[in-house]
Structures are given as C-alpha cells and as structure tokens.
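Shown here is one chain on its own, the form predicted on its own, set out as structure tokens.
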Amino acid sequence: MRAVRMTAPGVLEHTEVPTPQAGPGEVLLRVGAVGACHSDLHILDAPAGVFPIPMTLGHEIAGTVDTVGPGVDGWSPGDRAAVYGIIGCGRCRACLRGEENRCRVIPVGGIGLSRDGGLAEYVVVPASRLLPVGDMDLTQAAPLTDAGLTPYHAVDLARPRLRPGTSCVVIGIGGLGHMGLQILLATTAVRIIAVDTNTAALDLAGRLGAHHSVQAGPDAVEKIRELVGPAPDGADVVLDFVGAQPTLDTARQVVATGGQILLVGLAGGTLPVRPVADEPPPVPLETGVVVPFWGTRAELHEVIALARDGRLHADVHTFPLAEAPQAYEALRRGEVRGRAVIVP
C-alpha cells in the first residue's frame, strides 16, 4: 500500500509498504481522511531517538472498517469511524478514570506518535480507539479527533470560569482556534474576543460568531484592555492556540486576577510565573495556568455529537496523499487557513 513515512529526522517520503493485518482486538481501517497537525511538524523536527523511525505520521484519522481481528465485537466491515489517537497503559489511576491523556505510565504516545499513523491507505488500530461517525463526511470527521478534541478539552478545563457574561480571549484562529471558537459558542454564553495576525483568520472568526476581533501586534493588549477593562479586571479565560512568546505575553497581560490561561499551542514561548510583592507580578495573582493535552474518549464522543448536530464544522483544505509533503510545507509557512486534510 502507499504510505507517507518519516524515514529520518525532518524527512517525509512516499513509500510502498505491506498492508498491515489486524491482530487480536484490532481493526484494519481503510483511511478516508487524515488531518495535518502542527504536532506532526514537531515530530519531524525532533532529534533522532525521540520518535520511532521509520514511522507513518498522521494522528487525526477517520475511515471505514475493512477487516476486524479476533475478539473484536461491535464493529463490522463498512462501519465508518473516527480514531481516538491516544493509547494509555489502561492500568494507572488516570487511565482507570478514562483520562488516558494523563497516563502516568506511558509518555506522550499513540497512533501516529509512537506507532504507525494514518498517512497511508490503511492503518491498524485497537478497536477500543474507534468511535462511530455515521454518515458524516470523513474529511470533517478526521479533524474532530484532535483539532476538535483538544480545544474541547481545554474549554472543559476552563468551564468553571466560563460563566454567562464572562470574557474569553481566543488567540490564534487556525486549525484548533477556529474549532475552539465554535465550541465556546455552542457550549457557553461567554463574550469571545478573537486575536490573530492574519486578517483572513479574523474574518473567519467573525463569520463563525466571535463578538470582537483584534489584530495581533504592538497595540493588541491595549485594544483588548479596552474591551475587558483595566487590571486587576480582564479576560476571565485566555485560550492561546499559538504558544509563541508574543502570544504568551499578550495572554498574561490581559487575563484578569483569578482568571485562567490555557496554553494549547506548541510554538515554544515561555510564560514567566514568579511570586512578587514589590512590583506587578508577571502573571496576575490567583491566576491558573494549564497546559492541556488532547482529551478523553468521552470528550471525543461529545465533540462528534456537536458536529453531527451541525454546531461544529471544520474549515478544511484537502490535499491528495501524493501531496502530503507539500501540505506540511504549506502548514509550516502559515499558508493554511483552518485545517489541512489529506485524502488517500
């Protein structure tokens, strides 16, 4: 079968590999769509030894069941499903609570991270990772598994502060940010302030329903402050889907005392946290800082329900499998609005 594999650090190549076979408890899925994620770029850029090589990338997967392995119940050839990408140990306290994204035994890993992913015609996954999507377009279903799930999990972590009438700043209206904005609109009654460097992204935010838009730049903090009020007041929640130094600086300067910052993006910025009494603290007092990671299977079930109900829709740009390397280069250059989705 055709596959796009990382064959060395930074090297993504088209290859021909044997079609895998489903083992006990597994399903062979005919891949219908795979989301291209910034996390894949971090995997490609990692030094040798951090991730398996060679490995087929792609952790945002939706497809159709081709064959089922021994011992699999509840799935039949032809069933359409999205893949929950995390594989925890299944035995630690976090996994037993259904929080495999917080597994205390296995470090960050899963399908497309520590074993072959979906940038291929077929992929083998444990049957327990599948969730039904019905007749949903698979190019819509695939992004739900990360671009939808991760912001949903982040919003869920912040939900106690996302009360009606509060303010939430959403920084970065890209693959995850535009989904997070819709999740806020569908599940809360907060006032949403969208922030991005790109006017097209802000236009998208406006069409989706953001109440205010602010272009990132030297005067962004001042403009946001005009909307949320002066310190110690401010935004009750800031969702940073970028994670670069400028966005983290914006987040800490606009969040309210007692608010919450959620660092979802992986752009490598640093958030200074330092208790001081003789000067304003770099992060306001009583402010929570959380680094969300993916989400739970139960949360993915809820994300799929939102999408099937028509309240969550990914702005997708499709690429054939033959153009997967070009899709990632476009993603790296910041040329993709919404989510790039690769179709084998």
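Numbers for residues come from their place in the sequence shown, where the first is 1. All values reported here derive from a predicted model rather than from experimental measurement.
The form predicted in complex with a small molecule exists for this protein as well; it is not shown, and the discussion that follows is about that form.
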#### Entry: Full three-residue contact with the small molecule in the predicted complex, heavy atom 4.5 Å, for H38, L331 and R337
yes
### Task
From the candidate stretches 88-96, 189-197, 111-119, 227-235, select the single one in contact with the small molecule in the predicted complex, where contact means a heavy atom within 4.5 Å.
189-197
### Query
Which residue, V123, I171, V83, C168, has a heavy atom that falls within 4.5 Å of the small molecule in the predicted complex?
I171
### Message
Under a 4.5 angstroms heavy atom criterion, identify the one residue in L184, V242, A210, V255 near the small molecule in the predicted complex.
### Response
V242
### Query
R311 near the small molecule in the predicted complex, any heavy atom under 4.5 Å?
no
#### Entry: Heavy atom of P284 within 4.5 Å of the small molecule in the predicted complex
no
### Query
Is G175 close to the small molecule in the predicted complex, meaning a heavy atom pair under 4.5 Å apart or at it?
yes
### Message
With a cut-off of 4.5 Å between heavy atoms, is V264 one of the residues that contacts the small molecule in the predicted complex?
### Response
yes
